[in-house]
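Given next, in structure tokens, is a single chain: the form predicted on its own.
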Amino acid sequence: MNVADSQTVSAVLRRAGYVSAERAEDADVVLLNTCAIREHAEEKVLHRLRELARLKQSRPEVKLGLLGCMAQHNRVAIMEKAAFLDVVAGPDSYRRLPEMLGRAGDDASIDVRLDRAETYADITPDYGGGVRAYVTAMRGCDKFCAFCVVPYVRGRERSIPPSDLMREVGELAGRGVKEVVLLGQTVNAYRFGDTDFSALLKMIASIGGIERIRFMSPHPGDVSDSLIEAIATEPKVQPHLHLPIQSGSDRILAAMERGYMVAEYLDLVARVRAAILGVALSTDIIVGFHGEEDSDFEATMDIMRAVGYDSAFMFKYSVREHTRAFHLGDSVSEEEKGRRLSALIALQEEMSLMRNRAMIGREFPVLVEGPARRGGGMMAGKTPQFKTAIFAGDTAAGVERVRAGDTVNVRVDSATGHSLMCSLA
């Protein structure tokens, strides 16, 4: 989502006559786009800001700005720690950035107003190269999970008109983009008039040139039968579904105000796997939420084993100001959080390796993204299940070479927990 927002910011500034600089050292304006989901993210941002402050020491005319959720969430503390900032803008203020930069002087220009009407629907983001592009389908969130700061820093849900999304995706297809990822904090809650998310997926699938459609990040409570049907029957919608569980304990799920219990979640998993052939499932887990006891954590480990996720994003809970759980404080020590997180990661590594090894000998179509990091003429791309496939880039005849944007069939020869080693089929 930060990538998509940064591309929108770039488009706004380009409209105002700015051009991109290759390096911060060459720029007249340096803007840092931020996240406020976890405390560690804020620590990293402050460290980076202190590094960028050196630019102003040698070139006082350089303007430094802080954008995004961290600016929205904690602007007072930020300005105390980074008084050298010229601009502070929240997620709904990007349209006003040229004006803010113009008036920044001895005092910082600050605009962190939330705007329930702002979607940036009329602004075509400055997409970078590559076969995949991120398209924001909706902004904000109405869930108000007890641990989450998003509704307070990104505002309430509002969906972008389907016509604007169709135009944007059509332009991307014209530029050679093969895969689009529709974004939203709870993207499957999308609704504009009579168009719900499953209908939107089918509309996007009608656009020529787009070969694959994905989306992030859905909420289990909004996974409807029509959405499952759309994934199962529309070939362009890929068989990969992210289903954040957050905890395997009903008691903790209730405290988190997630809106579902473990039995409901497992029923959803069963329905998804019954309907969508070869689907890969991923999830989010938070360890150490207020009140989490050993038995609650073991319940999370149990559900990890029961579901058998292909991958997972796993985090230690950090208390966030303004959230509903803020007043509860932190009942689990950092040491214990670290122990639980390490155990969870080790279990998921085992599960990922097992599920990837189960693919050995099978063939998959892979959308080629470009050269693999390991070099040596190897190429990399994604299977429909969003697993990384690595393979030699020469064709069987050794004459043609696979290029980014091609879709090739590969056979899985071996696997690690993070990638599939393949050969062209």
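Don't overthink the numbering: it's just position in the shown sequence, from 1. Quick caveat: nothing in here was measured; it's all calculated off a predicted structure.
Omitted from view is the form predicted in complex with a small molecule, to which the following refers.
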Checklist entry - Non-hydrogen atoms within 4.5 angstroms of the small molecule in the predicted complex: do Q185, P218 and F315 all have one? => result yes
Next on the checklist: Which residue, V279, A230, V223, I286, is the contact with the small molecule in the predicted complex, using a 4.5 Å heavy atom cutoff?
Outcome noted: I286
Item to check | Residue (of P239, G291, P244, G259) lying close to the small molecule in the predicted complex, criterion heavy atoms within 4.5 Å | outcome: P244
Checklist entry - Based on heavy atom distances of at most 4.5 Å to the small molecule in the predicted complex, which listed stretch, 140 to 148, 297 to 305, 70 to 78, 348 to 356, is the contact stretch? => result 140 to 148
Checklist entry - With the cut-off set at 4.5 Å between non-hydrogen atoms, does R214 touch the small molecule in the predicted complex? => result no
Checklist entry - Any chance K178 has a heavy atom within 4.5 Å of the small molecule in the predicted complex? => result no
Next on the checklist: I'd like to know if R340 sits close to the small molecule in the predicted complex, meaning any non-hydrogen atom pair within 4.5 angstroms.
Outcome noted: no
